[in-house]
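Before any questions on binding or motion, here is one chain by itself as structure tokens, the form predicted alone.
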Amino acid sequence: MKIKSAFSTRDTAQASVSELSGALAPLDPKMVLFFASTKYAPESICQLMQNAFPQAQVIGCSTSGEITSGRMFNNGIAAMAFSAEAIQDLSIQVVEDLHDEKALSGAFAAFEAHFQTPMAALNPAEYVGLLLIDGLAGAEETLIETIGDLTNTIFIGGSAGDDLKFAATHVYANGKSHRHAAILALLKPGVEFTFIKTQSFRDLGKTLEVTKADETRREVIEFNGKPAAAGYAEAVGTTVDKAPESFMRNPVGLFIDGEPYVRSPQQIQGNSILFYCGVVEGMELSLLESTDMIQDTRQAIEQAREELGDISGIINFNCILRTLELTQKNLTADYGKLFADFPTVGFSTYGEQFIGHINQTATMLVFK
């Protein structure tokens, strides 16, 4: 076995880590990835995880719900161990201040020194990046866009959560907890890999152009030359007062090569709408409507399995809004069962990263 996953919902961090260690340590992992509820103290859980796997590089983050093989759950910890056969080489870097423009350059310089190759010259079929970022810092767009400017290697990941408290999120690397930071892992897998991006929406054929926005606040002030709240409500066919009831079912999406990259409304503020991810003036967004998340995800997994021939592991970054929808529809058990046949680790995120920063999407890294 090259990749193995495990989970624990014990009351204490020590008990949960002990359970995970018993399940994963026999693999002699080179890397361990974990996602943990904020019921575990951040400084404690990251140090305990590193101590449990002293020969491995250990990274993770706080969550708003966890995912493992065959199960979605809360108030626990999910982890995945990778053998040296699964991950031939890796480098972990911490961007400690997301507002420091030089921090990412430093991380990339360290990657280049480790792999002895310029980031721009890395073969994206041989290397892949993981990105775990503070989910409340509002810095995802800038970071992922800068990464895209510097390398063709794809970085996929999620924004850390805090069990819907929206107070503080944490990212972890090698025994230390960080806030207002990001963890970047550059991997050279020893197995083939591919990606899944599934969002379970259809285009309703209605366009909302962002004619005025405050991009720093992720605020749309006008849609189609009208106050944003009124323009959205008109497109949905409801009133401004009732418009928030449609936010989860009817987000908007930026279409690129026929694929929607979802932007989810967060709240109405005055006549404006605040979003969970970036919007810019001139952006043409399409009104979307939710479809069958279970069927769409099942199909996406099957396509990945057909592409690779087999699946040895899945890392799933699943939007908290998808989790809330599954919960409302009593479908969390059905969603978890989609991953019953594969070692799986994942969490409910405050945003997903894949080429850009998006919402109401599941982005997954799939290993053969």
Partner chain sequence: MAGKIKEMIDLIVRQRADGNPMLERVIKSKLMLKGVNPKKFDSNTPDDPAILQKLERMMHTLK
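Just so you know, these numbers come straight off a predicted model, no measurement behind them. Positions refer to the first chain, counted from 1.
If you look for the form predicted together with its partner chain, you will not find it shown, but the lines that follow are about it.
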| property | result |
| --- | --- |
| Any non-hydrogen atom of residue 151 within 4.5 angstroms of its partner chain in the predicted complex | yes |
| 4.5 angstroms heavy atom contact with its partner chain in the predicted complex for residue 261 | yes |
| 4.5 Å heavy atom contact, residue 270 and its partner chain in the predicted complex | no |
| Non-hydrogen atom contact residue 164 with its partner chain in the predicted complex at 4.5 angstroms | no |
| Output flag, 22, 76 and 135 jointly within 4.5 Å of its partner chain in the predicted complex, heavy atom basis | no |
| Heavy atom contact within 4.5 Å of its partner chain in the predicted complex, the stretch among 170 to 178, 86 to 94, 119 to 127, 229 to 237 | 119 to 127 |
| Contact residue in the predicted complex, chosen from 214, 203, 245, 145 - any heavy atom within 4.5 Å of its partner chain | 145 |
| Heavy atom within 4.5 Å of its partner chain in the predicted complex - the one residue of 254, 103, 110, 221 that qualifies | 254 |
